[in-house]
Ligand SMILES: Nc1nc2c(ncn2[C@@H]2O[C@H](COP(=O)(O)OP(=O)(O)OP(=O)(O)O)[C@@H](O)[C@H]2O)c(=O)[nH]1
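Consider the single chain below, provided in structure tokens and representing the form predicted on its own.
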Amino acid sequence: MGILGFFNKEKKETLDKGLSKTKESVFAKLTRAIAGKSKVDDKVLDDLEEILITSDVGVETTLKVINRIEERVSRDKYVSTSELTAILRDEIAALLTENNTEDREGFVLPEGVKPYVIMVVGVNGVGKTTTIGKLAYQFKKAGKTVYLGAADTFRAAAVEQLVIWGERTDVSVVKQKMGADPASVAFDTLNSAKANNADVVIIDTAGRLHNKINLMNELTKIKNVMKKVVPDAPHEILLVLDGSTGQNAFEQAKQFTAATEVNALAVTKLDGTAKGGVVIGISDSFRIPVKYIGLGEGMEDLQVFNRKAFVNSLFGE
């Protein structure tokens, strides 16, 4: 089953509002670039390239998009500037499709797999613990029994924040004392979840990047210990990135994908930034599906990423 798979009018309004700063930035620049021009020429394409790069789409992804548009201009001989937005939307949607980003698919819980284990990684401050709390809320709302593991034992605030989210969402939180072995917390969480026939386990991990070797060793140890309880665990490794940091989010994705086998992304804080293009660039650069996007502080503001809705919100229906 996909969690929060149904994309309704209310979610569309939240998405439109959350991406409004990015949309305004892109469209304002695009309008200036094509002012007084009737067709897409080299100057328009140069300006479009600059617009996409400054919207944090990323250089490599921008060049792919520009090359695709150049091919269409060459093939069709004449492309008006009024068509440019629709072409841009189509090509970006196509890129997201090629990167295995499915519409209306959050985490899917396979039949007969209990508990389903999600390990969450990301640096401090990106909204990792908040994302875990919102995910727990969505699973709980879908009728699932959820356990949270407070394996970020190096920060008291991280454990306290997870406990607060557990209380808010009415789900169980397994924790140990400050400085405890994170792998031990993960082990206890899975044992408790398994003993109580829980559906989902979400493990919070420490968000340190200053020493990649230590990070890699720690995440590997957590995974190996979890496998002693649930052989296939973790089923998902979710990397949480702060969309408002733009190119810094690319660097974090690079570091974490090198440190562990990330297979899903959540991009947060898109509502407060004009850097929403980072979602497109990261998805294309790392070939990892964006599963969720964060559009605000509310419980419902973590949305399943819907590529069609995303590009429609940015570039119009």
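A residue's number is simply how far along the shown sequence it sits, counting from 1. These numbers come from a predicted model, not from an experiment.
Keep in mind that the form predicted together with this ligand is not shown, yet the notes after this line are about it.
Exercise. Is D152 close enough to this ligand in the model of the complex to count, meaning some heavy atom within 4.5 Å?
Worked result: Yes, contact at 4.5 Å.
Exercise. Heavy atom to heavy atom, is K269 within 4.5 Å of this ligand in the model of the complex?
Worked result: Because a heavy atom of K269 falls inside 4.5 Å of this ligand in the model of the complex, the answer is yes.
Exercise. Would T189 show up as a contact with this ligand in the model of the complex if we use heavy atoms at 4.5 Å?
Worked result: Output for T189 is no: heavy atoms all beyond 4.5 Å of this ligand.
Exercise. Should L295 be counted as a contact of this ligand in the model of the complex, where contact means heavy atoms within 4.5 Å?
Worked result: The answer is yes: L295 has a heavy atom within 4.5 Å of this ligand.
Problem set entry | Contact assignment for this ligand in the model of the complex, among K194, K223, K140, R208, heavy atom within 4.5 Å | For this set of options, the contacting one is R208.
For this session: Would you kindly say which of V123, L88, A198, V171 lies with a heavy atom within 4.5 Å of this ligand in the model of the complex?
Result: By the 4.5 Å criterion, the partner-contacting residue is V123.
For this session: From the candidate stretches 76-84, 179-187, 224-232, 129-137, select the single one in contact with this ligand in the model of the complex, where contact means a heavy atom within 4.5 Å.
Result: Partner-contacting stretch among the options: 129-137.
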